[in-house]
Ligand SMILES: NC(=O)c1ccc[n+]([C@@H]2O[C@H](COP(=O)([O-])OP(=O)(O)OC[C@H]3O[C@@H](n4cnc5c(N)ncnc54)[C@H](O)[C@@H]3O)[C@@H](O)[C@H]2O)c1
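A single chain comes next, written as structure tokens; it is the form predicted alone.
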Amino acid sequence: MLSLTVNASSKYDITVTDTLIAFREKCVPYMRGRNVAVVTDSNVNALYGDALSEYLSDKNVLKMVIPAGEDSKNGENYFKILNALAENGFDREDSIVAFGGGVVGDLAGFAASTYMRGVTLIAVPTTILSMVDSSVGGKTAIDLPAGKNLCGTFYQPKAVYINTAFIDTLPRREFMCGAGEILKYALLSDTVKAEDLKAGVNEKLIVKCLEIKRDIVEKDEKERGERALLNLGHTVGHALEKLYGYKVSHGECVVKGLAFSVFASEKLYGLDKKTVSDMERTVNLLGHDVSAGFSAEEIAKLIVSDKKRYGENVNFIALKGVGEPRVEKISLSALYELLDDYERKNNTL
């Protein structure tokens, strides 16, 4: 069992282990009220159903199951959760457990942050992506028709409990999705080695990724500056998710965004061949498809509605080398030119 502490606006511990045995010790003490809502999705429910029930035997448990997939991260499900909490008499002392991947975490977290102006949130991530990234840091959100994560809050959990045994039941595609975020960390810092992925995802690798995120979040919880570095690959990645109708996973789209970021960084900084080669090797380590099949114009139109846009500029995360990320405020027109150059280079994005 490994652990680390996040010292954000509220302090909380992350437990990383290969069992649920310590869940009662690490998480239940924060559940002060009698009621606990366990929000999960149809995939997790089919595999693990009532896996948390034995640890919540002294609580009134309300389980809510949403359909698996990004499409469920919407206003309709958000209000369904709020109404269910109200109808079942939940008050400010009660708790919500987000038991699932990034979609469940974002949706349940947003509900926890807004029901009665905030109730206790416990995160139990079940996917690699949510274990190494989205369950930590306090970002919650739902999607709007115009784009991803446009409605949300910053709301820290009281505890995060990561059980690596859940990884064993993940399909290959979910592994590749989570690997996308790990590759992002391998570019952000030289403490995470992309080659470690070939041996699988274990407790130590998860903790290494979370230490990078923890250190950044503690300095910039509300993303006013340095936390933007965690968006490496996401400017183009989020646009591609929307263009694909969320049929291609977040992590896979991030890898496509990372490939573009390496190209853009070479243009922006005039990087030498070895530096570019090192970064490209990381992006291509697991054989992700880095092409997209959409034009520069199609991608640029969606970036215009991205929350990382500021007026006529976009905060774009570029790389001067592995472990050397920079926040560059570039104009939408300059970003379009980079996208257009990238399209020409590859015949298609």
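Quick caveat: nothing in here was measured; it's all calculated off a predicted structure. So that there is no doubt, residue numbering starts at 1 and follows the sequence shown.
From this point on, the text means the form predicted in complex with the ligand, which you will not see here.
Peer 1: Which pick from Ser277, Asn83, Thr191, Thr169 sits with a heavy atom within 4.5 Å of the ligand in the model of the complex?
Peer 2: It is Thr169.
Peer 1: Using a 4.5 Å cut on heavy atoms, which of Gly102, Gly233, Gly180, Pro157 is close to the ligand in the model of the complex?
Peer 2: It is Gly102.
Peer 1: Evaluate Leu129 for contact with the ligand in the model of the complex, applying a 4.5 angstroms cut-off between non-hydrogen atoms, and reply yes or no.
Peer 2: Yes, Leu129 is a contact residue.
Peer 1: Taking the shortest heavy atom distance, is Val322 within 4.5 Å of the ligand in the model of the complex?
Peer 2: No - in the model of the complex, heavy atoms of Val322 and the ligand never come within 4.5 Å of each other.
Peer 1: Taking 4.5 angstroms as the cut-off for heavy atoms, does Asn43 touch the ligand in the model of the complex?
Peer 2: Close contact exists here: in the model of the complex, Asn43 approaches the ligand to within 4.5 Å, heavy atoms only.
Peer 1: Does at least one non-hydrogen atom of Glu70 fall within 4.5 angstroms of the ligand in the model of the complex?
Peer 2: Looking in the model of the complex, residue contacts with the ligand include Glu70, since a heavy atom lies within 4.5 Å.
Peer 1: Based on heavy atom distances of at most 4.5 Å to the ligand in the model of the complex, which listed stretch, 195-203, 114-122, 169-177, 88-96, is the contact stretch?
Peer 2: Of the options, only 169-177 has residues within 4.5 Å of the partner.
Peer 1: The ligand is absent from this chain, but in the model of the complex, do Leu47, Lys139 and Asn149 each have a non-hydrogen atom within 4.5 Å of it?
Peer 2: Checking in the model of the complex: Leu47, Lys139 and Asn149 are all within 4.5 Å of the ligand.
Peer 1: Taking the ligand in the model of the complex, which residues along 210-228 bring a heavy atom to within 4.5 Å of it?
Peer 2: Heavy-atom contacts within 4.5 Å come from Lys213 alone.
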